[in-house]
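Take a look at this single chain, the form predicted alone, given in structure tokens.
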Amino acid sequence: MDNEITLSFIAKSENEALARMVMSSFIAAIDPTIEELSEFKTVISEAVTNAIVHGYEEDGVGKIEIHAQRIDREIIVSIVDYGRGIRDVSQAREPLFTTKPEQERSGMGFTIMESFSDDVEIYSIPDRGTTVTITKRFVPIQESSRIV
């Protein structure tokens, strides 16, 4: 393992930006492309927002933990909440499925995470919480693109 980090914060919407910033800084050492950085920030945003909105129903009290490991140019991130959990993970992964249509939620969170990641695993126990583990491999830096 090259590096790892654990971050814990209260499930408040304002902390979603904090999570994106910290995780962006964590991957800076591997010099991601602008596109990779944007995709990674989106994945973190979606996972944290799901924990805040669905795991804790925006109670502003629950805790969210992020644990990330960097191994060469691969990042493995787990976002953990101890909230409501997901009753049917398969259904939750379906595009456009949402448990909060009254809030005009798109139901695309997991779909977006899957499209911008190499692997997404979801482990959830109703009334105990959810862990979303995301793996993203970043392309090797091309020798020809380096400034000499």
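Numbering starts at 1 and runs along the sequence shown. From a predicted model like this one, the values you see are computed outputs, not experimental measurements.
Same protein, other form: the form predicted in complex with a further copy of the same chain, not shown, and the subject of what follows.
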| query | finding |
| --- | --- |
| Close approach of R87 to a further copy of the same chain in the model of the complex, 4.5 Å, heavy atom | no |
| Touches a further copy of the same chain in the model of the complex: I5 (any heavy atom, 4.5 Å) | yes |
| Non-hydrogen atom contact V22 with a further copy of the same chain in the model of the complex at 4.5 angstroms | yes |
| Interface membership of L18, a further copy of the same chain in the model of the complex, 4.5 Å heavy atom rule | yes |
| Within 51-83, the residues that have a heavy atom no more than 4.5 Å from a further copy of the same chain in the model of the complex | K63, R70 |
